[in-house]
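Structure 1 and structure 2 below are two forms of the same protein chain, each written out on its own as C-alpha cells.
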Structure 1
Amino acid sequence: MTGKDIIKITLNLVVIYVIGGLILAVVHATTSPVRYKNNVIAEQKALKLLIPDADKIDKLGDWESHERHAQYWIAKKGNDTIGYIVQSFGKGYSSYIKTLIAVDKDFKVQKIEILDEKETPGLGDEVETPSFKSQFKGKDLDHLKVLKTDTTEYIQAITGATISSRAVTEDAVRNGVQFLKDTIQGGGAAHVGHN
C-alpha cells in the first residue's frame, strides 16, 4: 500500500464520518421537538395516575434532591387543591432511586411510584413491587420510617434490602414530603437545595 492509497482511504473515511454526523444532526433536530412533546404527554399521564381525581396538575417549581434536578406539582379539582406531587431521589445500595410521591393537602402520602432504580435484582429492586409501595398510603412524616419487623404503623423493610427500603422511605419519600410541606406552608425557599 502506498502513501497515496493511505491518504485516499483516510479522506474517504473522513467524508463518510462527516456525512454520517450531518445525517445524525438532522435526525436529532427533526425528532427532538416530537420527543419532547411525547415526554410531556407521558409525564402528565404518570402524574394523573398518582392523583386520578385531579382535573388539572400544574408544575409549581423545581428543586434539587441529592444534587439531581427534581420537580413538584399541585393537583386541583375545580378550584380546590386536592394534593401535591413531588419528584425525589433516594441513595440506594447500587443507585439513586428516582421516585414520584403524591400527597393529599395534609401532606399524607397517597401513592408513590418508582421511576428509575438500578438496585440488586431480586432484592433491592423489590421496592417496585405493589406490596412495598402500598405501605405508604396514609403515612405522614412521623411514620415514614423503616422497621425490620412486621408493622403497619411504619414501613416494613424488604428482607435483605434494608438499604434500598430506607433509600425510598427515609430518603426519597420523607425528604420529598418534608420539602413540599416546608415549601407549601411557607418559609420553604431555604429548602429548595435540600438534599
Structure 2
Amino acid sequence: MTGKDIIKITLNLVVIYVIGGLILAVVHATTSPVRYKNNVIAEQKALKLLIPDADKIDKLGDWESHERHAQYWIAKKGNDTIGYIVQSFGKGYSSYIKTLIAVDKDFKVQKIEILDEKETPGLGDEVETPSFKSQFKGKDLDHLKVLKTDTTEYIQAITGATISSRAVTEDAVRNGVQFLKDTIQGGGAAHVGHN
C-alpha cells in the first residue's frame, strides 16, 4: 500500500461518511415531528376510546414503570369520577409493551389498549388483537393472571406467546392497577372524596 492509497482511502471514507451523515440528518429532521405527532394523536385517540362515557379526561400525574416515564389520568362525567386511566409497561419477549389501562372507580379493569410493542410479528403481537384485549373487562387485581388453559375467570394466554401474554397481564396491567389503587386510595384521597 502506497502513500497515495492511504490518502485516497481516507478521502473516500471521509466523503462518503459525511454525505451519509447529512442524508440521515435531513431524513431524521423531516420525519421526527411527524413521528412525534403520530404518537400524540394515537395516545389521545386511545384515551377517548378507553372511557367513552367520560366528558373530561385530565392528567393526574406521572410515575415510572420499568424506569420509563408513564402518566395517569382521571376520567369525569359531570362532577362524578367514573374511572382512571394509567399508562404502564410490561417486559415482553423482545420489547417493553406500552399499555393504557382504564379502570372504574372500584379499580376493576374496563378496557386496555396496547400503544406500542415490538413483539414477534404473528405471535407476540397478537396481544393487540381485540379477542385478547377484551378478556380484561371486569377483572380485578386478583384475577389478572395468565392461564394456558381455557378460562374466562382469568386471562387466557395466546398460543405460542405466553411471555407476551404474561408481560401484558401480570406485568403491565397488574402493576398499573396496583399503582393506581395505592396512589388514589393512599395519597390522593381528595379525588375519591365522594365515594
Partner chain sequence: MSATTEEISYWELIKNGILKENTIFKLALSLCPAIAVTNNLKNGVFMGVAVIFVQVMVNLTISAMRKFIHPRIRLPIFMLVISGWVTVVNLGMDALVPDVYRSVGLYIQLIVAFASILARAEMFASKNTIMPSMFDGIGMGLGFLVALVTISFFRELIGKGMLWGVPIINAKPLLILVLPAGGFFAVGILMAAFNWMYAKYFTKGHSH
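Counting starts at 1 with the first residue of structure 1 and goes up one by one along its sequence. Keep in mind it's a predicted model, so treat the numbers as computed, not measured.
Chemist: Structure 1 or structure 2: which matches the form predicted in complex with its partner chain?
Modeler: Of the two forms shown, it is structure 2 that corresponds to the form predicted in complex with its partner chain, while structure 1 does not.
Chemist: If one rigid piece of the chain rotates against another between the two structures, which among G78, K45, T30, P130 sits on the hinge?
Modeler: Per the C-alpha fit change, the hinge is K45.
Chemist: Going from one form to the other, how many degrees does the smaller rigid part rotate between the two structures?
Modeler: Rotation between the two rigid parts between the two structures amounts to 35 degrees.
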